[in-house]
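One chain comes next, on its own, written as C-alpha cells: the form predicted on its own.
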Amino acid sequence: MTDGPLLIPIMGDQLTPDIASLRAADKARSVVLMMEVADETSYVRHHKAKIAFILSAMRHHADRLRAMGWTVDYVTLDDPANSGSFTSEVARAVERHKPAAIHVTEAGEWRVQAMLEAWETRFGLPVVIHEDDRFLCSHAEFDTWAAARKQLRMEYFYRDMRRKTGLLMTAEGKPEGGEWNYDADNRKPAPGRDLLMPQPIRIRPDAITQDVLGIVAERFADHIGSLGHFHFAVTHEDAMRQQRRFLDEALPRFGDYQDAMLTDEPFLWHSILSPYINAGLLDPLALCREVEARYRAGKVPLNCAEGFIRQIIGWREYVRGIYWHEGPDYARRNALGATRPLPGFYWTGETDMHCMAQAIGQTIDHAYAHHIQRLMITGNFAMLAGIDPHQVHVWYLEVYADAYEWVELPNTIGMSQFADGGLLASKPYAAGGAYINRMSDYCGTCRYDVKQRVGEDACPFNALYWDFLARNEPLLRRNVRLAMPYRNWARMDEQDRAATREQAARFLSSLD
C-alpha cells in the first residue's frame, strides 16, 4: 500500500455529508471524487428536469463538502477530458491522486454495484465498499426476514420497522391508537378546488443551477420534459425549507386526501420530498421522527402521521429490500405475457383520455406525479392494455425526478404491472373508470363517458378492465381478491361479454 490519500467516490444519490464512506475518513488525507458522467445521464433517456436536478444538487453538495473541509475533485459533464463513465473517471482519478485505497458507499442499483465490485481487480488497489446505513434495513436483514416467510407482504415488514424504530409505538410496545395501519381513513375523494390548498415552495434557480439548465437544454434537447417549470430544491437548506412547508401546511390533511386527484393540481397535500430523500439531501428517519413529534404535539391526526411514516419506513424500505433480494432478472419478469408497445402519447400527453392527459402532462412539466396517478392512471392503463412491463419500467425510470431503479422497478414490475405474478402485490391493481371518477374530477370534462362500457363515447378503461380479466382468467381466476369481479363477469350474458371484448379490441387496435 502506498502513502497516498484515500479516494472516496460519491454518487449522485449519495448527497449526504455523513454518508458511511466519509464518516470515518480523515479529511486531511482524503480526496472526494464526484463525477457527472454521460453514461448516467443517458442509460435511459431521463427527463430534462431530472438530469438538471441531480447535476445541480451534486454541484451544490460539492461546495458544501468543501466548506466542511473536504478536498473535492469534481468532474463536470462538459469537461472535454470527461471519459463518460464511473469506472473510467475513477481510473483517471487514480492516475491523478495515486491513492492508497478507495472507499465507497454501496450503490443503489445492480449495474453500478457491479462496477464497484470490479474496481479492486481493475485498479490493483484495496476497495472498501461500505454499507449504506441511511436505510433502516440492510440487505442481509431483509433476506433473513424474507427467508422466514412464504409471502413477502409489506404490511408485516412495516410492523417490524415500526418496532425497530419505535415510531408511533406506545410504551407497552403496541401501535399508537391500537391499529398498525389507517389506510382505510386515507381514501377520501378530491374535496374540490380549495383556494387554501398548500403549494410547494418554488426555488429560484441560482447561478449554479442556471449553468446546469443551460447544459441540459443544449445537450438533452431531445429528451422528454420541460425545464420551464424547474422548481426543485438543490441544497440541503432548501430541501429543509420544503420539508417545513409540508409539515406545517400539508401534512395535517395529507392522509385524508393522499389518493385524491384534481385537474391542474399536481401537488395537492403531497410532500414532494421524495427526490430529496432519494438523492440524500434529507434524512428519512429524521423526517419520520418529526412527523411523529407533530402527531404527539396534537398538530397532526394519527391517520396522516401513520400514512406518511408508512410510505417511508414501510413501503420505501420494503421495495428496496425486494429489489436486492430478487436480483437483476426481476426487471424482465412478465407473468401476464404482456407485449404491446408503449403508446406514443406517454411521451406527449396527447390523448382524449383526460385522466391520462393530466397525469402525463404534469409529468412532462414537473417530472412529478403522485403515487395514485402513477399506480391507478398511467400504470393501470398500461396493465389493462397489456403493455410490455419492461417498457413501462423504463418509462417510469426516465420521467420522474425521484426515480432510481431500486425504488422504481419493484413499484412498476410488482405493484403497478403485476408482472412478478403476485410476489409483491396480493392482486393486480386493476380498475375501470368508476374508480377514477370516484377519486378525481377528471371524468367530468373528459370526451369519454365514464358510465358507458361500449359505444363510441365509452370510457376506454371500462372495456379494458373486463377484457384484462377475461384474457388473464387462467392466471388470475384463483386469486381470492378477484373472486367478486369474476363472478360479475360470469353473470353478464354472452352477448354483453362479446361486445365488451370487441370494444376493447377496437380501442387497442387504435393504439397500434
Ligand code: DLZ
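A quick note: this is a predicted structure, and the numbers were derived from the prediction, not measured. Position 1 is the first residue in the sequence shown; the rest follow in order.
Same protein, other form: the form predicted in complex with the named molecule, not shown, and the subject of what follows.
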**Message:** To verify the annotation, which of these, 119, 157, 404, 295, has a non-hydrogen atom within 4.5 Å of the named molecule in the predicted bound form?
**Reply:** 404
**Item:** Heavy atom within 4.5 Å of the named molecule in the predicted bound form - the one residue of 49, 57, 463, 35 that qualifies
**Value:** 35
**Asked** Exactly one stretch in 104-112, 383-391, 202-210, 186-194 has heavy atoms within 4.5 Å of the named molecule in the predicted bound form; which is it?
**Response** 104-112
**residue 11, heavy atom within 4.5 angstroms of the named molecule in the predicted bound form** = yes
**Message:** At 4.5 Å between heavy atoms, is residue 41 in contact with the named molecule in the predicted bound form?
**Reply:** yes
**Message:** Although the partner isn't part of this model, could you tell me whether residue 346 comes within 4.5 Å of the named molecule in the predicted bound form, counting any heavy atom of the residue?
**Reply:** no
**Prompt:** Heavy atoms within 4.5 Å of the named molecule in the predicted bound form: does residue 142 have any?
**Reply:** no
